[in-house]
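Okay, so here's just one chain, in structure tokens, the form predicted alone.
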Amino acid sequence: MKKQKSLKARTRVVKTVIYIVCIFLSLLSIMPFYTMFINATRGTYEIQSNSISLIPSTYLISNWKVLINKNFNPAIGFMNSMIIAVGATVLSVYFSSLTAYGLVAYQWKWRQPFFTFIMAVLMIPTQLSIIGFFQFMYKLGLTNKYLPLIVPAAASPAMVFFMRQYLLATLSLDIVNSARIDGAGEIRTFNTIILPIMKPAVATQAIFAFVGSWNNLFTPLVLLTDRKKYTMPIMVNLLRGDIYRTEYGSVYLALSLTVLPLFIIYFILSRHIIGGVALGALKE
């Protein structure tokens, strides 16, 4: 009895410590976003004189007026960023999943060299190819258009690697063979059988792809020169003011508006991730 009581006491202590650590880490991860939202309600002088505050201030409306006076149009920025981010996310998730399915479900001679080539492309930084990419898009007349920011996302080596590893662990080729025997085509098999199996992986990669495309500043800044097609990161980047004064309150307000869609996308897709983890835990 004494041993059981001591064991239960130790278990409670361990659980308490785990809870405390998890709560501390959660607060630590939330704090930067909370500080950003608080600074969106503060004035520039308050931010510069007292850098940290946990209480909202009264400068939210004035910060909003500063944004409007600086030709910051959140509606246009949201629309442009949403078109690019949604298009790039859909293409990258679908075609990366399709490529991973081809690497797992089919036996062909060049399968492993092809996968090695994809991993080699992953090692090439975007900055090294941006000059050639811009010249190519300029010759095609695709500058100041959304297509160069959406279509190349279909080739995502990192996502192909992730999807391939997920299929290797979860996909049974017997299911694919059964679908073929029943007369289902390859595209129909992929759309109706494989994609539902990959739902947790698709949700996870969709979050990363959307966040990466939404926060992308470098490539849109190079390709877009028309103000009507600026994305939210470009608009925020232009809020630096002159050399004498920068309205930090308005900058924080613009950043807060920028991250709101990211929270929404995460909350929508996170339940699929949690559901996939729970389903995997129950499988025999």
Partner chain sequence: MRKNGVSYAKWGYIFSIPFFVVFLVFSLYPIIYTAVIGFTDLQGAGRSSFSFLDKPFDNYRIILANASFLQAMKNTPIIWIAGFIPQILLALLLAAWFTSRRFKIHGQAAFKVLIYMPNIITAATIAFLFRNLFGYPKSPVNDLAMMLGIIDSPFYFWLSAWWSRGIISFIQFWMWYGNTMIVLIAGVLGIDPTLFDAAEIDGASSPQIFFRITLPSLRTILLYTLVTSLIGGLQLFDVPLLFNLGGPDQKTLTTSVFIYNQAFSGRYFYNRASAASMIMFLIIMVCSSILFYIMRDKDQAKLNHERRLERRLERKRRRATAKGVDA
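Between two forms, the rigid core is the largest collection of C-alphas that superpose within 1.5 Å. Source: prediction; values computed, not measured. Positions refer to the first chain, counted from 1.
Below, we refer to the form predicted in complex with the partner chain, which is not included among the displayed structures.
**Q** If we take heavy atoms and a 4.5 Å cut-off, which stretch out of 163 to 171, 185 to 193, 67 to 75, 82 to 90 is in contact with the partner chain in the model of the complex?
**A** Residues of 185 to 193 come within 4.5 Å of the partner.
**Q** With the partner left out here, check for me: in the model of the complex, does some heavy atom of Val251 sit within 4.5 Å of the partner chain?
**A** Yes, Val251 is a contact residue.
**Q** Looking at the partner-bound form in the model of the complex, is Pro32 within 4.5 Å of the partner chain by any heavy atom?
**A** Pro32: yes, in contact with the partner chain in the model of the complex.
**Q** Just checking whether Val236 would be counted as a contact of the partner chain in the model of the complex - the rule being heavy atoms within 4.5 angstroms.
**A** Result yes; Val236 sits at the interface with the partner chain in the model of the complex.
**Q** Does the partner chain get within 4.5 angstroms of any non-hydrogen atom of Val151 in the model of the complex?
**A** Looking in the model of the complex, residue contacts with the partner chain include Val151, since a heavy atom lies within 4.5 Å.
**Q** Could you list which residues of 75 to 108 come within 4.5 Å of the partner chain in the model of the complex, counting heavy atoms only?
**A** Read in sequence order, the residues that approach the partner chain (within 4.5 Å, in the model of the complex) are Phe95, Leu98, Thr99, Tyr101, Gly102, Ala105, Tyr106, Gln107, Trp108.
**Q** Superposing on the rigid core, I want to see if Phe218 changes position between this form and the one not shown - specifically a Cα shift of 2 Å or more.
**A** No.
**Q** Verify the C-alpha shift of Tyr230 between this form and the one not shown: is it 2 Å or more after superposing the core?
**A** No, because once the rigid core is superposed, the C-alpha of Tyr230 moves less than 2 Å between this form and the one not shown.
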